[in-house]
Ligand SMILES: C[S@@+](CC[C@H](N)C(=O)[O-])C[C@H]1O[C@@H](n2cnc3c(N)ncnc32)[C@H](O)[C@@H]1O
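Below you'll find only one chain, the form predicted alone, shown as structure tokens.
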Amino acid sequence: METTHRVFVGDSRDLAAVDDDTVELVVTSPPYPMIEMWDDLFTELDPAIGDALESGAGRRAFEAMHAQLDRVWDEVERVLVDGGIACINVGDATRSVDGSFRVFSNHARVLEAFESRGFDPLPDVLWRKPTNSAAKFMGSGTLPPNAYVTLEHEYVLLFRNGGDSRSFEPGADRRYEAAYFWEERNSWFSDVWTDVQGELQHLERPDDTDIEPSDQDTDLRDRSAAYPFEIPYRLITMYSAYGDTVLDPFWGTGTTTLAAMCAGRHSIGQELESGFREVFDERVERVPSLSRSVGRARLERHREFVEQRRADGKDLSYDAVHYDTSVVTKMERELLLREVVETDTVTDGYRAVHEPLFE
């Protein structure tokens, strides 16, 4: 199996390279309005935003920033198939503007934007970020009443385009082979994720040695506020099938593309800053090791789950077809993980060759 991964440099308010109704899943993390690191970007898009910030008009700046994101959501609506899912990772912002401290509720504003475009909101996810305990408290610390709760989570907002879920032909291999394990379902489909390591996450090679991020990786991650690999990988596995196309209109360091490669899906990314594309080749070189590591880790965790379940005196009713292990449900029997064995640079992006991951 081969997958293609196209990357375009340009403004995501115009996804001209993506045809209507050609994307099954959107997974992205936009710049968060009212986070200072994004002020210059938003001001470049609309100079009135800079004027509002300078004059202390926080609410006006907040709405003007979201007006720019709204144009991207218009494009998402255009390219996403009926029944397709949009996963938007976003955090709220706290900020003092004109001497007044408040929270700017980005997640509520994005929810409003998608609902107004006819998307159906689905139950969302909160994921816990690593925090710096030395800077945990804001305001007056231990003296009431002027201390403030710290924001230690972000939202993954989930939307379905149109009223109906996607349909597949009966017994579709690409759907059944893309199944997740029963215990993964129970963990991933919880509305609170506390096991995502955030920016401190490192990747493991199959020989259990670490791939430490390079200085350049770390710098780009800081500049892009990239989410950890685990988040797009889970979402892609949860909400798409093999061969589907995943779009990230705020591509950044390409984490969504890496996750799509490891998950056996096609992908499209668009990024305003060309510098991110120039260093992505180094990340692509790691994909075969990364995909193998991810697949083996899933199998190992499943076997540990099976051993514990049997130790608890609980039987498993089915045997997996492709792996020497038992599974809980009939739907898991055909599950077939895939690994990337080869990557190439092609026009507008990359090609990945996949083979079944066996032991």
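Residue numbers here begin at 1 and follow the sequence given. Worth saying up front: this structure is predicted, and the values here are computed from it rather than measured.
This protein has a second form, the form predicted in complex with the ligand, left out of what is shown; the following refers to that one.
Stretch-level contact check against the ligand in the model of the complex with heavy atoms at 4.5 Å: of 166-174, 271-279, 121-129, 104-112, the positive one is 271-279.
In summary, among the residues 181, 242, 155, 250, the only one with a non-hydrogen atom within 4.5 Å of the ligand in the model of the complex is 250. Scanning 79, 196, 97, 226 against the ligand in the model of the complex with a 4.5 Å heavy atom cut-off leaves one residue, 226. Remark: residue 45 counts among the residues lining the ligand in the model of the complex, judged by a heavy atom distance of 4.5 Å or less.
In the model of the complex, residue 325 stays away from the ligand, with no heavy atom inside 4.5 Å. The ligand in the model of the complex comes within 4.5 Å of no heavy atom belonging to residue 293. A residue is said to contact a partner when one of its heavy atoms sits within 4.5 Å of a partner heavy atom; residue 255 meets this definition for the ligand in the model of the complex.
Contacts of stretch 3-28 with the ligand in the model of the complex, defined by any heavy atom lying within 4.5 Å, are made by 10, 11, 12, 13, listed in sequence order.
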